[in-house]
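As C-alpha cells, one chain now follows by itself in the form predicted on its own.
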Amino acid sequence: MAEVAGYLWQRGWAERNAGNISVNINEIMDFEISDFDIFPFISLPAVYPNLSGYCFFVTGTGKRMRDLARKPVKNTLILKLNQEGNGYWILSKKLNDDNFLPTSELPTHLGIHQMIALRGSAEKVVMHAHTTELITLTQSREFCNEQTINRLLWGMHPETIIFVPKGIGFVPYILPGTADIAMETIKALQNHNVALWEKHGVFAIGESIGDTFDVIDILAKSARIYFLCRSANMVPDGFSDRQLAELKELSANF
C-alpha cells in the first residue's frame, strides 16, 4: 500500500488528503482475540451482513498519500466488523496512538466489498483516486456516457482493451460521501472493474493493490494519448471495430 500510495501522489492523483484504499485481509487475520473491549468500537450507518467478522486494512481519514508512502502505520488502520456487520473495532489502536478514523468513504468501500462477497469473486482491494486524465474527459458532455468513453479509451492503445476488457462504468455527478453515490458506484462495479465518477475520480477493484493501480494507470495512459493527439491538432483514428474485436479476443489469454 505504501508503494502504490507513492505512485498515486507522484502522478498527481492524490492531492492533499485525496484518495483512499481498503484491503480485505480476512484470510491472514487467523488469530483469536479474547477481549474486544480494549479496542475502540464505532457504529456504522448501514449494515453489512456479508462482511460479518471481516478484517480490513484501510487508509485513515484526512491522511495524505505522500505521508502514507513514508509512514504507512501512522496513516492506516486495521478494522474488524462485528458479527452483526453494523460496526467495527479499530484493532490497530495499540500500534497507533493517534486518534483518527478510517477514510470518510468507508461506507462506499464496505458496500463494494459486500458486493464482492455476495458474488464470491476474488477481488480484495478497493482503490479511489483522483485520476486527472479521466476526470478531464468528464468535463466534456460528449464523454459523459459509458459507451462513448469506453470506445475512446479502448481505441487509443492495445493494452487498454486487453487488460480492461470490461471497460469502465460511468457514474453521473452525485454529492460525494453520500449513500446515493455509494449505491450507484456498486451498480457500476457489478459489470466493470472501474467506476468513473463524473468530475471527481475513479473507484477500482482488483485482486491485489498493484493490479488495481495498474488498471487505473492503463486507462489514464489512453486518455493521455487522446489529449496529446488533440493538443497536436490531430484527431486520433483509434482502432477499428474489427481491430478491437481481435484485441478483446486476445485479452482472454491474460
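Please read these numbers as outputs of a predicted model, since none were measured by experiment. Position 1 is the first residue in the sequence shown; the rest follow in order.
Just so it is clear, the following notes concern the form predicted in complex with ligand 13P, a form of the same protein that is not shown.
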If we test each of G210, P49, G62, P45 for a heavy atom within 4.5 Å of ligand 13P in the predicted bound form, the one that passes is G62
Going by heavy atom distances of 4.5 angstroms or less, which of S104, Q83, S121, S140 would be at the interface with ligand 13P in the predicted bound form?
S104
Is there a heavy atom of I25 lying 4.5 Å or less from a heavy atom of ligand 13P in the predicted bound form?
no
Answer yes if any heavy atom of N17 is within 4.5 Å of a heavy atom of ligand 13P in the predicted bound form; otherwise answer no.
yes
Is H130 close enough to touch ligand 13P in the predicted bound form, meaning at least one heavy atom pair within 4.5 Å?
yes
I'd like to know if H200 sits close to ligand 13P in the predicted bound form, meaning any non-hydrogen atom pair within 4.5 angstroms.
yes
Considering ligand 13P in the predicted bound form, find the one stretch among 37 to 45, 225 to 233, 185 to 193, 53 to 61 with heavy atoms no farther than 4.5 Å from it.
53 to 61
